[in-house]
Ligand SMILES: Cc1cc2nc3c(=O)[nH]c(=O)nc-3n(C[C@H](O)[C@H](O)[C@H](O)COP(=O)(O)OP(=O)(O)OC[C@H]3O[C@@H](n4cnc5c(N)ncnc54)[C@H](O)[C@@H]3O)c2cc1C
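Only one chain is shown below, in structure tokens, and it's the form predicted alone.
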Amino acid sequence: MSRPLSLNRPEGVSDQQVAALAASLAASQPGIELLAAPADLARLSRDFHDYSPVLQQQLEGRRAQLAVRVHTVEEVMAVAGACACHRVPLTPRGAGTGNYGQCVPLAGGVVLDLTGLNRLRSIDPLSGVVEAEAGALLGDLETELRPAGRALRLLPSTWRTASLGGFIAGGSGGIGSLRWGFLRDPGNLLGLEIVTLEMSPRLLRFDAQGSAPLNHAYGTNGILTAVRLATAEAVIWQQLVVDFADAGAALAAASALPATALLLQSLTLLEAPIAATLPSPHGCPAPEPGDHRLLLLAAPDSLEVLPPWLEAHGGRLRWQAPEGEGRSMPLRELGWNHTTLHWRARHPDWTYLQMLLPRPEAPLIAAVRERWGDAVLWHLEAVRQDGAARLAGLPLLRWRGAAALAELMDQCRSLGAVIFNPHVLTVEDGGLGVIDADQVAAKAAHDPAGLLNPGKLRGWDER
């Protein structure tokens, strides 16, 4: 199911080397923050990989020997040069909201905290194109874009606390994927600024095409320092909670709704046991026993048509409110991997899976239910893949061991699902399982000694 852990640790890396590196940085960059306290190293050497029992076991005890927090591109270049000169591994990180161990250092060395590099550099008043530094928080960017009437196209459910560079390096989609597809789709990511890991680091800028090999590469082939993104016109999204007594009707509505002319930002479908466990927004009644729940973000001009459409398809509108009103938990924090977060808060012995479902979806769901019963609970998200509306599955799984997980994935693949395995360490194995030659070539060009986040790019290890 997963490949053996490969540390790819450069020969001879020692605490003495790291200490010499820290001394050189302190001398050359007196304002830089060097963190060596055990609590800091533990905190900055982890993310939310404990969603996966497999990764939790594999990554137990992995720690950096030094953490460095930077505030300028010049400081990033100084750290990169020092790591190259001392042959010390470097793992970049943002806010650490990822789920796959992207920022956990497998080979020790330095963790580079980029959250201090957080300026909004520009917003183009005509196109809405935004450029911001990699450590900028997505929630802060949303606030800064609002006066210009713009909004980010794609957001993870951790949008309040996730960093821009971390989202590009470790994410793929989320809220907005129903409209805009995924970060890798042409037109979303417009450019990157990176620092190379060499004795004389270079500051490079790439257009959209040149940025593609560094998109979703876990920081293995370049240190992201700034990002250029296309944005969307800001919309005051209307939040709707709709309950269905019948599972088939709920699935049919979720499958059909994206094909309408209604403008939707997100669509989440929760099977009844999940709906009953998750929190509800303030003022929204809990679902009736056995009801399945549909969460929608819809444009205001859809409200004339959407409620009667839902009623005709077996749904009951239970709650509606514009985003940003009051202190209620927004619907965008009940979907995607926040669903997993909320469920695991009560059921820590559960985990999850990620897949793109075949069309029609019902046969796969029925076959999995017949084999696994209530050990698999369905959470679906509407996305756009290659221009077509599809349903992605993020099912919750009662943990029964690695063999059962492999059996479930094999069953879903045999029924036409594309699995995106969240229980593996490498870029390739968490995606389509194939090596991207352009990613490997970018690492050779930008990190010739293989010091950036070693062990996470299988194509580099298997050259």
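Don't overthink the numbering: it's just position in the shown sequence, from 1. Predicted model, so just to flag it, every value in this text is computed and none were measured.
One more form of this protein should be noted, the form predicted together with this ligand, which is absent from this view; the next part is about it.
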Open item on the list: Heavy atoms within 4.5 Å of this ligand in the predicted complex: which stretch in 236 to 244, 338 to 346, 123 to 131, 270 to 278 meets that?
Closed with: 338 to 346
Task: Sole residue of Thr231, Gln265, Thr196, Asn99 within 4.5 Å of this ligand in the predicted complex, by heavy atom - done: Asn99
Task: Contact assignment for this ligand in the predicted complex, among Val110, Val79, Leu224, Leu296, heavy atom within 4.5 Å - done: Leu224
- [ ] Using a 4.5 Å heavy atom cut-off, state whether Cys83 contacts this ligand in the predicted complex.
- [x] no
TODO: May I ask you to check whether His292 falls inside a 4.5 Å heavy atom distance of this ligand in the predicted complex?
DONE: no
TODO: Find out whether any non-hydrogen atom of Asn188 is located within 4.5 angstroms of this ligand in the predicted complex, and reply yes or no.
DONE: no
- [ ] Would you check, heavy atoms only and a 4.5 Å threshold, whether Phe48 touches this ligand in the predicted complex?
- [x] yes
- [ ] Give, in sequence order, every residue of 87 to 123 that has a heavy atom within 4.5 Å of this ligand in the predicted complex, or say none if there are no such residues.
- [x] Thr91, Pro92, Arg93, Gly94, Ala95, Gly96, Thr97, Gly98, Asn99, Gln102, Cys103, Leu114
